[in-house]
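Form predicted alone, single chain, as structure tokens, below.
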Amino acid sequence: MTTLFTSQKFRRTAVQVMFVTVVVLLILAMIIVGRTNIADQGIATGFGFLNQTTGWPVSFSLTDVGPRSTYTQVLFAGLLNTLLVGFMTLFFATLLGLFLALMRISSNSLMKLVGTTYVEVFRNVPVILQVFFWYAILTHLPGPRQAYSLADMAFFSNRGLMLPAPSLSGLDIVLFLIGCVAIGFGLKSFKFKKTGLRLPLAILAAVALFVVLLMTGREADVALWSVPELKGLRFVGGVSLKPEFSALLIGLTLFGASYIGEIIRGGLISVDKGKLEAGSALGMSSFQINRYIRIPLAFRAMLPSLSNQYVWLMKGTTVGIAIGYPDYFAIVSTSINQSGQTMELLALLMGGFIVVNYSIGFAMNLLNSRLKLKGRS
């Protein structure tokens, strides 16, 4: 026994077990006290309320929800709204950030000045203030009858941006996404690496799948494309991007691009010039040097910071509640006020963001692993 207590490994293990035990007991105590206090106030606990109808509508949703929808359906719609604006923000902010990074490292003084000014302005203004600014601009545009028109196909007014859209149902979109994933895994099994045909074939297969979904299962009198048309005081048809959605997307994109641009710039200038000169000495073109040397090395250097920025931007979608965008946070807040199930809904809110942000981090780590394998080969 004396030998056991003198073992450093045993003492470390015992301390860790004691620490975990204390943490678990504290959590259990908090749960018990919370349930007792809630029960004393006459409030029911549990997740049974998720099957009850909400009684209030959602102003913007990718799914069909209304006052008769259950809390489960409404919460799912809010989560989809968060994912929609979040992933669109990541996509556009990355593209704009890449462009800003290239401007910042350019030898052209004017481009460098424009890129630097952009970063300094948008990085130092709070994101919620930027979202309010764009929301004020969008809601002060002319009404539907005086809307700005682009070839009578797209319209921009204080009701939002109206765009033409294919007549795809929700099931079609789900099938399209599943088909794209299947195409990706299918092409991965073929050896197109050296021919460079994998990406063109994937795009071609996705387009073919989109056309098939667009042409099949459709009634004869339903048009392939739905074009917005002014009827009375509102537009009918097409797809409508509400001012709340547009303002949140623009504000987050412009703000996030300023940080992502700096992250990309840091990664690009961290690449050793000797390696670039070695590639040039081997007869590689500028495109090949960027493709096989600069970008892989820069990407590995900037990946940790880029992953953190992506997670932050996804969490930043919660500022949408300030302008009335019904994201997951706003839906949960309204549900708490209506149902009184505070603890359960907060747990769902935290669980949802943990799953989404952990998935982003996992995807970035997976990408990093793939890049490492390519570098070693």
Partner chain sequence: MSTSVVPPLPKQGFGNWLKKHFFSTWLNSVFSVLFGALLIWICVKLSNWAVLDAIWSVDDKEHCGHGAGACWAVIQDRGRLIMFGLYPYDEQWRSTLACLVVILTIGLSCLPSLWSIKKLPALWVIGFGAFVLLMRGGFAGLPLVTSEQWGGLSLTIFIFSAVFVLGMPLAVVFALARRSSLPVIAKGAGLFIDLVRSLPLLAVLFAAAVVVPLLVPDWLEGNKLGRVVIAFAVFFAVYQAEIIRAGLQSTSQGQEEAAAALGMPYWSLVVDILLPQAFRNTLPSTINQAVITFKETSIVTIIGFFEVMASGNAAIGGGEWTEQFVEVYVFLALVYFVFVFGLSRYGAWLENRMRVGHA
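Superpose the two forms; the largest set of C-alphas matching within 1.5 Å is the rigid core. Residue numbers count along the first chain shown, from 1. Not measured: the values here are computed from a predicted model.
What comes next is about the form predicted together with its partner chain, which is not displayed.
Asks: Do heavy atoms from each of 343, 346 and 354 fall within 4.5 Å of its partner chain in the model of the complex?
Replies: Yes.
Asks: Heavy atoms, 4.5 Å, its partner chain in the model of the complex: which of 122-130, 84-92, 155-163, 278-286 makes the cut? Say which one.
Replies: One stretch meets the cut-off, namely 122-130.
Asks: Is residue 182 a contact residue for its partner chain in the model of the complex, using a 4.5 Å heavy atom cut-off?
Replies: Close contact is absent here: in the model of the complex, residue 182 is far from its partner chain, nothing within 4.5 Å, heavy atoms only.
Asks: Does residue 34 reach its partner chain in the model of the complex, with heavy atoms at most 4.5 Å apart?
Replies: Residue-level check for residue 34: yes, a contact with its partner chain.
Asks: Can you check whether residue 71 is within 4.5 Å of its partner chain in the model of the complex, heavy atom basis?
Replies: Residue 71 lies outside the contact set for its partner chain.
Asks: Is residue 50 close to its partner chain in the model of the complex, meaning a heavy atom pair under 4.5 Å apart or at it?
Replies: Contact check for residue 50: no, nothing within 4.5 Å of its partner chain in the model of the complex.
Asks: Please identify the residue among 291, 145, 231, 140 with any heavy atom within 4.5 Å of its partner chain in the model of the complex.
Replies: Comparing distances to its partner chain in the model of the complex, the residue within 4.5 Å is 140.
Asks: Can you work out which of 110, 207, 269, 236 has a heavy atom no more than 4.5 Å from its partner chain in the model of the complex?
Replies: Contact residue from the list: 110.
Asks: Any residue of 7-27 with a heavy atom within 4.5 Å of its partner chain in the model of the complex counts; write them all down in order.
Replies: Read in sequence order, the residues that approach its partner chain (within 4.5 Å, in the model of the complex) are 12, 15, 16, 19, 20.
Asks: So, superposing on the core, is the move of residue 24 at the CA at least 2 angstroms between the shown form and the other one?
Replies: Yes; residue 24 is a residue whose C-alpha shifts (by 2 Å or more) between the shown form and the other one when the cores are overlaid.
Asks: When the two forms are laid on each other by their rigid core, does residue 354 show a Cα shift of 2 Å or more between the shown form and the other one?
Replies: Comparing the forms between the shown form and the other one, which are aligned on their rigid core, residue 354 does not shift its C-alpha by 2 Å or more.
Asks: After a core superposition, would you say residue 363 shifts its C-alpha by at least 2 Å between the shown form and the other one?
Replies: For residue 363, whose C-alpha is compared between the shown form and the other one after core superposition, the shift is less than 2 Å.
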